[in-house]
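For reference, the chain that follows is the form predicted alone, supplied as structure tokens.
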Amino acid sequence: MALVEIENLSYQYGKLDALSDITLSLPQGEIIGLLGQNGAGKTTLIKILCGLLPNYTGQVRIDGQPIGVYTKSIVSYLPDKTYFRRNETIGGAIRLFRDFYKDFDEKKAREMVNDLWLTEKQKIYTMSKGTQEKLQIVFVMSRKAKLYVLDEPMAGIDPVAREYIRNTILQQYTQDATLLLSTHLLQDVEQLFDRAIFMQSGKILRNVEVDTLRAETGLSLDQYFREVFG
């Protein structure tokens, strides 16, 4: 069963084709890698799914509904840049998410914050990039969403932080949801993926189950990525 249905989706930045006539389905209950080089169109696709880029052509439906108020309520989004306000405290962020998202599990978030040995009075901007990324994944995965969308959650952080993010995804992801993760760091996360979608120049090169890809090529996902884009 598909949670996301995309038909003939195109998007332009001025005269630049960021996405070109994409047709794609994202099954329910899978962790999916969205893979490609910089400029492939991954972030544009992600922003459309999250309702941040409205002026596209084609059709996009999530849980059977066009992009709008309902779809935004069931998508939990981690952008490629921090979404915390500069002077935000952890406690303030918890209260903000509690008030804004009906599906936010405040108890879970507080438990995960405690596991990081952080206090709710701490200001987030004073923390390292790795700690901020850990916090972001805590907030994103504390929602009971139908679609989780993570845009480069491991970029520019140390291996310990990357391991925490990977483990948090594994522990908090529920089998009835779909998780779409854009990344270049495949060695850290390729064992998570049920499916891989390869993009290049605004188009889908391949949409394939990871086990099928490994059986066909004899390569790991990271090796195949390097072969295709190297």
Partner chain sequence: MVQFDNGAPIYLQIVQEMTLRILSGTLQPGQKLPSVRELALEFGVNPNTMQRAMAQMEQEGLVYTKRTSGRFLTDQPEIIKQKREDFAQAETKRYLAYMQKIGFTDTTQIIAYLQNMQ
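Numbering follows the first chain given and starts at 1. The model shown is predicted, which means the values in this text are computed figures rather than measured ones.
Not pictured, yet referred to below: the form predicted in complex with its partner chain.
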item: Contact flag, residue 172 vs its partner chain in the predicted bound form, heavy atom cut 4.5 Å; value: yes
item: Any non-hydrogen atom of residue 184 within 4.5 angstroms of its partner chain in the predicted bound form; value: no
item: Close approach of residue 31 to its partner chain in the predicted bound form, 4.5 Å, heavy atom; value: yes
item: Residue 194 within 4.5 Å of its partner chain in the predicted bound form, heavy atoms; value: yes
item: Selected contact from 203, 47, 166, 61, since only one has a non-hydrogen atom within 4.5 angstroms of its partner chain in the predicted bound form; value: 166
item: Non-hydrogen atom within 4.5 angstroms of its partner chain in the predicted bound form for each of 156, 158 and 161; value: no
